[in-house]
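Encoded as structure tokens, the following chain is the form predicted on its own, with no partner shown.
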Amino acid sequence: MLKKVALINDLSGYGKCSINAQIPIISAFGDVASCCLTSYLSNHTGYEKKYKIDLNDDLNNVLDMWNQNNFKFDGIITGYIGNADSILNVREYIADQKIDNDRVLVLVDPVFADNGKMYCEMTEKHVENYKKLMEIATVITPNITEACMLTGVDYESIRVKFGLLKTEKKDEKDLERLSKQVLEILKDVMKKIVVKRSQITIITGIELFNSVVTVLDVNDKDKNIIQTTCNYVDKLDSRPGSGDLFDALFMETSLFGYSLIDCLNIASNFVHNAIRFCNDKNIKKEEGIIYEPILIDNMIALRKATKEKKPEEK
């Protein structure tokens, strides 16, 4: 059945990231994306020069019109929100949506930092307001830097510990060992970042020697799931838009009814296939996460797997 997904994020005119990276995925799954822009940039901030139009005042008017028109969504993804006060306005809008439909899947990506540093224009007020927005989320997807800042855990100490981990073999025993080591390092972060029961926490962008690890944790009174996925890449290349792409994939596979672990694996594998493709084609990092040439093949493989293994019923 056709689903409707609201994307609350910025738009870069050049550079594959943000909403540009998300809409094709929503469409490829046969669903409909509705966009509320937080800002428009001539190109993303990875380039030295840019022109930015702040749309945060307009954001509030758009959300108000959506409410007045009684638009309802099956899923909502929030990304970059440059104005700290607007984060709370988005929270109020989502809370209203949840009154009429408590099953709406809300994925909050608290976009404010990376590589141990907060983005320019971001402040502690943004961090505190993102914490409040996360309170009503079904899924949160901070990267490792954001997870540390949200919990008060020292990022540098975590980074040093990760730097000591080595992955030498591409076999299950090596991955199992690596997963246990990653979880041990992150135990304080995972304990502190949980906002509510049944919330799904995914920490992305954990870069090791020659691999990227993503950690999924479900805190539920009936069950507790901790799962890691490890993707080997020949060249680590953290690209703009990787997180946006992951969010869209996790949202769509969740709406489709896949298990959480399948959602994690599908999203992680697709993102890293895209990174490998960019590396193989020598696509500059600044170009963002280019995946269109591999989208059809990946979707065909996904549909084939779907026929062979029916997803979980919601």
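It should be emphasised that the depicted structure is a prediction, and the values quoted were computed from it without experimental measurement. Just count from 1 along the sequence shown to find any residue number.
Note that the form predicted in complex with a small molecule isn't included here; everything after this is about it.
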- Looking in the model of the complex, is the small molecule within 4.5 Å of a heavy atom from each of Ala6, Phe73 and Arg91? no
- Query: Is the gap between Pro142 and the small molecule in the model of the complex 4.5 Å or less for some heavy atom pair?
  - Reply: no
- Task: Although the small molecule is absent from this view, report whether Gly241 comes within 4.5 Å of it in the model of the complex, heavy atoms only.
- Result: yes
- Query: Just to confirm, Leu37 within 4.5 Å of the small molecule in the model of the complex by heavy atoms?
  - Reply: no
- Does any heavy atom of Asn265 come within 4.5 Å of a heavy atom of the small molecule in the model of the complex? no
- Based on heavy atom distances of at most 4.5 Å to the small molecule in the model of the complex, which listed stretch, 42-50, 248-256, 29-37, 277-285, is the contact stretch? 42-50
